[in-house]
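One chain comes next, on its own, written out as structure tokens in the form predicted on its own.
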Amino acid sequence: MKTSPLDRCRQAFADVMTVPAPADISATTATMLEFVFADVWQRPGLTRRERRFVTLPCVAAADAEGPLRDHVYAALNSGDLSIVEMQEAVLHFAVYGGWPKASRFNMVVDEQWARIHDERGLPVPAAEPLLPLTTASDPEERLTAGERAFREVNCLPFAPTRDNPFHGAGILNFVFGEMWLRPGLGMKERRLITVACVAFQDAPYPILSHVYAALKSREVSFDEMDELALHFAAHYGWPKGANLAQVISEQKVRVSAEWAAESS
């Protein structure tokens, strides 16, 4: 028996979300199934796991309770993300998407992790120990490590000075002296989360700098960045997706010119 196009779309949804597709056949649902799940999620430019790291910041920032619960559940239930990776994604999102929204994100992670174990008839395992930290405890060593990480992550020859709390206590001490150096997520995954977050903000320099750094570092390829923009647009909105795509186009030119100069 042949499978209908709608059935294939429903299967694509079920594969991504780990639950059956919605039963209604409204225009919104049909288009979501066909385009978002049967097309965007199936494209080869990013893996399904990598797409989770773009989707989660979008739904965490969108103040949409249902999609947030659904995508947290799917990412964990599928095994695409471990609980440690999910918790690290929450922390990374907190820095680039905001602590109040991350607080809600974190609550949903705990809720859905408990739900998954309840469905499987298993106890929730004990949390991974937080201590000892893998980063330096000495204040001077920590700030020095933060300066080095800032330069490496941002692909820049300089780091901000330590002359105010935002830079010293925040950017150098915690964001780059701790968070970017934590072992729970790889650098590429952190890049994906960060670009998604700066894409839904309205601050022009962070989106430019983080798209540039992700490309210049070669941790996200040109083609992968294009896929990120498409996936982001499908989950957060086309106007901001178009803006991200424009920034990507500009930074590709910049990075290509720099690579050409470096090789000459």
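As the structure is a prediction and not an experimental result, all values here were calculated from the model. In this text, residue numbers run from 1 along the sequence as written.
The protein also exists as the form predicted in complex with another copy of the chain; that form is not presented, and the subsequent description refers to it.
Under a 4.5 angstroms non-hydrogen atom cutoff, another copy of the chain in the predicted complex lacks L122 among its neighbouring residues. Interface membership of S82, defined by any non-hydrogen atom within 4.5 Å of another copy of the chain in the predicted complex, is ruled out. At the 4.5 Å threshold, heavy atoms of F37 reach another copy of the chain in the predicted complex.
Contact check for Q87: a non-hydrogen atom falls within 4.5 Å of another copy of the chain in the predicted complex. A169 is the sole member of A169, L156, I116, M187 with a non-hydrogen atom within 4.5 Å of another copy of the chain in the predicted complex.
Shown without its partner, this chain lists A145, A94, L76, L181 as candidates; in the predicted complex, only A94 has a non-hydrogen atom within 4.5 angstroms of another copy of the chain. Of the residues in 162 to 201, those that come within 4.5 Å of another copy of the chain in the predicted complex through at least one heavy atom are, in sequence order, N164, P165, F166, A169, G170, I171, N173, F174, V175, E178, R182, V198, Q201.
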